[in-house]
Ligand code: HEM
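Shown below, as structure tokens, is a lone chain in the form predicted alone; questions about how it binds or moves come after it.
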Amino acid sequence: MSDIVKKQRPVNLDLQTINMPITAIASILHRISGVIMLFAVGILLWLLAESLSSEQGFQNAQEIVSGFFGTFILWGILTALAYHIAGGIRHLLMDMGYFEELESGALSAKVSFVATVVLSILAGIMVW
């Protein structure tokens, strides 16, 4: 009996051949953006503490934020926040019974991606 079960299982599962639907990609990215936001809170709290510590600390925080790397990090944080909010609204609507079918769920995922791109561009304009 155990030989039959072993023969039915895939021997080598090639993950590159599996096509995930856009709804799954949107859900996974929503979780990833949540983890990014968790770390972003730490970075932003550290910057706030540094800026409030003294006048020199404020100068240091201002230099960090005004440099390319700091600006890029802030833009990334704002982009992750934008996607997490767009994905969160999508999930809330799904919890209320909307966009639960495959076609409408795929459409709502695409809308959340487009909204994130627009908000990301606006965030880039704001920080640079």
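These numbers were taken from a predicted model, which means no experiment stands behind them. Numbers for residues come from their place in the sequence shown, where the first is 1.
The next section is about a form of this same protein that is not shown, the form predicted together with ligand HEM.
Undergrad: Name the stretch: of 98 to 106, 60 to 68, 47 to 55, 80 to 88, exactly one has residues whose heavy atoms fall within 4.5 Å of ligand HEM in the predicted complex.
TA: Heavy-atom contact with the partner occurs in 80 to 88.
Undergrad: Within 4.5 Å of ligand HEM in the predicted complex, do K110, A115 and V118 each have at least one heavy atom?
TA: Not one of the three qualifies.
Undergrad: With heavy atoms only and a cut-off of 4.5 Å, decide whether M37 touches ligand HEM in the predicted complex.
TA: Yes, M37 sits close enough to ligand HEM in the predicted complex that at least one of its heavy atoms falls within 4.5 Å.
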